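Okay, so here's just one chain, in structure tokens, the form predicted alone.
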């Protein structure tokens, strides 16, 4: 096997015991060379992630309040890990610098990034391998947009040709050194960028589950693990709410054709889920059921709408001016509807419909309290009987679809259901297709 980039999430590096598991996983395979780590996560129910502790310190400092006790809690977390592992990572100068920056009024991005930074320094010391800083190598512009090409070049130049390195996830910097972070879960993206730059044969993403489950186990406790799926299927599931992997982590490895293997740090013997450029298998087999709540449907009706030039553009502009985006646009004869992420009250929804009617000279209606629900699988929508079975399953469970969207993606069918019917619909679809 060729070079592997491995990323360990917050639960995988939450304390000394978990970090020893990381060490054992690395010892099993010398091809696991570049190790991307998150900040320490929760050690159990009621615990607090280090990133949240850092945000709290920064909030106190920004208000001019004493954050010394809160910061001492962060220091204790890392000191406890050092003591458990029997290592002195030399973190005191790091703590002193962070404390000074907090007093000076550092950005939220800087504060949040320090959990990954400290943990990577500590784990590198424990493993006896170099620490590789991402500031100055994962690069952002002044608007916070990733500079992908510049980042790839900088990482390629920095990654050692031999041996291992420990790399902090989640953050990089602008060219002037200002720290920037990805959105929550962004260590997944760091790992993907490193995998792309290293030309890895596989990118292993280690977490606390043995791969991607077909659906939410809180709704379907018996949900099975998906053995493999494609980048396209993962993208659809991530966009629709499946939370195992940050959806933006797909793009760097997809461009390079690098498979992603989602693994369980606590059960390294499990194969997990492989995410591939393409996969063999029976067309129409599903790989996931996912969804999310908090949506509404704004429907417009107007005679001979299709003959009105610019009507669709005017509708989208109307929504944009109000800070709303049409995640799905549904069309019919003299009718158009936009699915928007907006958890509006009945009164606010009616006001939005009234404003749309006046602006677009159309009859308008708002229906709130909706959830989006997707079934994803290779060529799912073009396999005979699947769309019909999709709708029939929800009807029989008394959780009917308010609308459906087959769209142009053969791997995904989407429906809107009432929020109160969402869990019922998920269970009905799982029974039908699994």
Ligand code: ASP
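Numbering follows the first chain given and starts at 1. What you see is a predicted model; the values in this text were computed from it and never measured.
Here the subject shifts to the form predicted together with the ligand, a form of this protein not shown in this document.
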Answer option from 33, 378, 58, 49, heavy atom within 4.5 Å of the ligand in the model of the complex
49
Given that the ligand is left out here, which of 205, 215, 187, 134 has a heavy atom within 4.5 Å of it in the model of the complex?
187
Among 363 to 371, 37 to 45, 63 to 71, 380 to 388, which stretch has residues whose heavy atoms lie within 4.5 Å of the ligand in the model of the complex?
37 to 45
Looking at the ligand in the model of the complex, which residues in 88 to 116 have at least one heavy atom within 4.5 Å of it?
116
